[in-house]
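Single chain ahead, written as structure tokens, the form predicted alone.
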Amino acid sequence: MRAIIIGAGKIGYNLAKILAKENHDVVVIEKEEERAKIIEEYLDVEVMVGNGASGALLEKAGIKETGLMIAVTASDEVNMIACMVAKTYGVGKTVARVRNSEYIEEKGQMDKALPGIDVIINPELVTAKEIVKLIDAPEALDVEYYADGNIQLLELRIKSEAPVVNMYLRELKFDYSFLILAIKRHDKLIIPCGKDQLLANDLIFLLAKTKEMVHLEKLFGIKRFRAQRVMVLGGGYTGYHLAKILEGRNYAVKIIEKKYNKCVDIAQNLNNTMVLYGDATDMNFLINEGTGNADVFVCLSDDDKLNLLVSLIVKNLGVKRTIAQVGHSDYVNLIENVGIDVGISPRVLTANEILRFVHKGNNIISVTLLSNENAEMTELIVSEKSQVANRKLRDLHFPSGSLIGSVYRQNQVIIPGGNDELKPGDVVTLFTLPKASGRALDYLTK
């Protein structure tokens, strides 16, 4: 499929890289020559310099043969106009990044977009919603739900004192069904088998029934605690959306913001959040505000170095869990290795949200990027025509680097074994490493 991406910023770059890997015919339009040169140098895509809302330029880019338009410039208006213009040329799918909440319904729903725009993506709202999931399960580094919320995927760290340390996977005999989809060790992601061991500091991707996950965490030596007090650095759009959602879930929220006018603005638009005017690098200020008593501290400034510094300071003060936003997704693993509990990349989260929509169709329900884009989880429906239908898993030949994680059939969750069959209509989750993604998906859907 031909895809046009307007805007070569962090999100546009990320999407172009991913879609090019999936063998889409990608064209990137960027008005700044310097950014355009970066795309040309590092990605195998076509690059054009100019205004992405221009009909003439879009025609040169092959808009008449395009099936997907993604507009992610810094201008909401340019993004919306570009998508509207694309629709007049018959483009099937259009996505616009829109940051101004005035263009979005107050309840924050992205599914009802403006005429000519199929999906509106608000990066700050997407990021805030992801952080809420992490606050709800503060022991996890990543949280995803499948099968209408009945299946949960957690990324968890195995602590040195955990009872499962040095055990082989085949030795793990619990009363609850589960699957370890992958183990991340020394920045290498592997799909394990029974002869693999769990080592201290391993990151595991644990898939199980949502209602049983808390019991499994205990068996893996992971203690779940209920967060109640949340502090947030940064009163920007993401901080505002996060506080708004947390208010509705009865969390006690404090926002620290060093710009007085911004403090006044967000305080007027929030009901129960305490807005603090101050400098989060001031130790006395943090101590006086009781920072050490916070269950979760979230750093959402635009400065990666500031987020890192403040996270380390509050951790030292006694905060149980720290979450830091990073502009460069490559830094996520780095900051998690220096004592910060969770690093999140709005760029990756936004790309994730857009890809969910892009891949939707042909029996695909959703696609999630995991482990900083080192793995994918695809949720899809097994069709009657699929070559895997009515066959046992042990008889199938999935590409190396892929496996079926779960089966959802008639409101029943199945963590499958080799003797389980895939039936037409089953909703399955397919876990893959990047090298196997395309082949595994083709195997399941053809």
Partner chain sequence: MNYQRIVCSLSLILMIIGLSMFFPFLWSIYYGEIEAYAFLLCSGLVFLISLLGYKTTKLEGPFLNKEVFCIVTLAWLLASFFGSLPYLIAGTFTSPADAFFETMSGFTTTGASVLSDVEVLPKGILFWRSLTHWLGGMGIIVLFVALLSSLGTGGVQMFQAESPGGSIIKKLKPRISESAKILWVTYVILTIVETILLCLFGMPFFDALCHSFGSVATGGFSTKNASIGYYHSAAIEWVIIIFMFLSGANFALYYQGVRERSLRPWRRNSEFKLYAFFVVLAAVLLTYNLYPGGSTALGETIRQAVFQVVSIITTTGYASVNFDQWPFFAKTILLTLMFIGGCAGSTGGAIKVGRILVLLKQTIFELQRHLHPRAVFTLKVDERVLEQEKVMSILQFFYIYITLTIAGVIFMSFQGLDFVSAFTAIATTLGNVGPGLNKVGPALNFGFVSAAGKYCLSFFMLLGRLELYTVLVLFLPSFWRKG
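Positions refer to the first chain, counted from 1. Please read all numbers here as calculations on a predicted model, not as lab measurements.
There is another form of this protein, the form predicted in complex with its partner chain, and it is not shown here; the text below is about that form.
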| query | finding |
| --- | --- |
| Partner-contacting position among Y277, Y168, Y176, Y89 - heavy atom within 4.5 Å of its partner chain in the model of the complex | Y277 |
| Its partner chain: the contacting residue among A267, L334, I313, L219 in the model of the complex [heavy atom, 4.5 Å] | A267 |
| Interface membership of E289, its partner chain in the model of the complex, 4.5 Å heavy atom rule | yes |
| F285: touches its partner chain in the model of the complex, heavy atom cutoff 4.5 angstroms | yes |
| Exercise: N250 in contact with its partner chain in the model of the complex, heavy atom 4.5 Å | no |
| Contact label in the model of the complex: N271 to its partner chain, heavy atom within 4.5 Å | yes |
| Stretch in contact, per heavy atom within 4.5 angstroms of its partner chain in the model of the complex, of 277 to 285, 295 to 303, 344 to 352, 135 to 143 | 277 to 285 |
| Residues from 236 to 264 in contact with its partner chain (non-hydrogen atom within 4.5 Å) in the model of the complex | K254, Y260, C263, V264 |
